[in-house]
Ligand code: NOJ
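Take a look at this one chain, the form predicted alone, written out in structure tokens.
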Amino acid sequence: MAKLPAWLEDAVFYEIYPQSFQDSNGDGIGDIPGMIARLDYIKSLGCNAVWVNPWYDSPFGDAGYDVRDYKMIAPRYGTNEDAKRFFEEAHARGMHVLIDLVPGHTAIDHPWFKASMQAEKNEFTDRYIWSDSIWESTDLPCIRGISPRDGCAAVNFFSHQPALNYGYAERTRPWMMAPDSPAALQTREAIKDVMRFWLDMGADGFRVDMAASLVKADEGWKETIKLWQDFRAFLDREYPDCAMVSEWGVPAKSIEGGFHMDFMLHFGPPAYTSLFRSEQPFFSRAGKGDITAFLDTYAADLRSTEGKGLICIPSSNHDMSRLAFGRDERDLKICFAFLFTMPGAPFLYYGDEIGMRYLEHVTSVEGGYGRTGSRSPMQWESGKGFGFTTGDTPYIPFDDGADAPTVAAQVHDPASLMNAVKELLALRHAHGALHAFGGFTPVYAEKERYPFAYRRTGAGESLLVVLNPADRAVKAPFSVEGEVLWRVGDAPAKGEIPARSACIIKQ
């Protein structure tokens, strides 16, 4: 089990998508100097940590998840010196920084893969997964006929992202190597070297892309867990304060592997999608959702990880539709009342705090396809360029609605969504019961019924959270007496929870 860095107890993360956050030079693409310029804004929201999506050199066939050089900042974002300054400026504000680690694959033009494609044996021949013959496909999607080397190369995601070789748990063909083979162990060491580079520069840890996918044919993730335990042992020896969050979606497994945090996400069990993105999500005015679809999975995950690691519930991210899709400002305030009062560490996706919308029918940019509509540039102020760029053409179009939300329009409006986010995060920081490891007890959570109520306890206090996203008042078979610390909509009265309301009560 990994020892948790103390700062995670009260951490609230803000996800920065670098190319969409702030452009400082007018080329229509966000960059690191722009990110630095907006750190005070992020802190003002109440976020004390950031997760930065990939900023490495890349051909950008998959928005930077196709890495060409793990140790070089993409020139469009700036320089390695800019990255170092970003770490320093964040730390000066008491903020921690996680960067994306992409250990499963590289770009097709990474120097490692170029060497691996050669017919002659070399240091990188087995850095990737290759079959023995051009006529023999791998068990994964593959690319072939691209070099003098005889064989097919497995890919991890898009066809231009060859899979790095960490071995196979179950080996059925001669070219499949064991997880402890020299080649697979060399791949691990290469990624550890990448981690050292960024931790020495100032990173506080990593969000690990596709963390469950490294060892292939690994039923139950037994060898993958061993692999990450090896990484954890390395970090405990050399960087014991390095924080790690996995894109895995099975907290019991990832935390056993040595991660501090795991996400509930839109793939895997339907628990997360049942909240916000199913056909009938719980957080909907229609009031036809089922909180038990979330809670049954969540409660089991919580039991398996309690005291050992954190379960993180994001508002959105770069791979799914935005939280605001199909919701108005009041709906979103109720969603945030939930997200910011649950255990674990909240993750706020850039722009969700102002209700930025998912843009439908946008042409794919940088391999985004259906995800592109969630990656449009940040809307800082109204007018040409939205304060994001002084250039004429942003790399993804802006929201062209006359009512497109902006920071400037909300910052001085006490009733705005952004100020509700600030209030909720201030409340979270001020009350130990709402911190990562505060107690969590469902008070009312019935199948296909509303409301959802739960108690958070800790630091000598007890807080009741009552959520009714449905467009109808419902009865409360529990006490709602106490001091109302925050609410949207009317406060509960006479055993009734008003329609479309959320309330946090100190009891």
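What you see is a predicted model, and the numbers here were worked out from it, not measured in a lab. In this text, residue numbers run from 1 along the sequence as written.
We do not show the form predicted together with this ligand, though everything after this point is about it.
With the partner removed from view, the residue among K308, R371, K226, R144 that has a non-hydrogen atom within 4.5 Å of this ligand in the predicted bound form turns out to be R371. Between this ligand and the residues H318, K422, R277, R285, the one pair within 4.5 Å by heavy atoms in the predicted bound form involves H318.
Three-residue candidate spot D62, H105 and M210; every residue lies within 4.5 angstroms of this ligand in the predicted bound form by at least one non-hydrogen atom. Although the partner is absent here, R76 sits far enough away that none of its heavy atoms falls within 4.5 Å of this ligand in the predicted bound form. Mapping the unseen interface onto this chain, W175 falls outside it, with no heavy atom inside 4.5 Å of this ligand in the predicted bound form. At a distance threshold of 4.5 angstroms between non-hydrogen atoms, R375 is in contact with this ligand in the predicted bound form.
Residue contact with this ligand in the predicted bound form: D331 places no heavy atom within 4.5 Å of it.
With this ligand left out of view, the stretch that reaches within 4.5 Å of it through heavy atoms in the predicted bound form is, among 318-326, 286-294, 406-414, 86-94, 318-326. Contact residues in stretch 244-263 (any heavy atom within 4.5 Å of this ligand, taken in the predicted bound form) are limited to E247.
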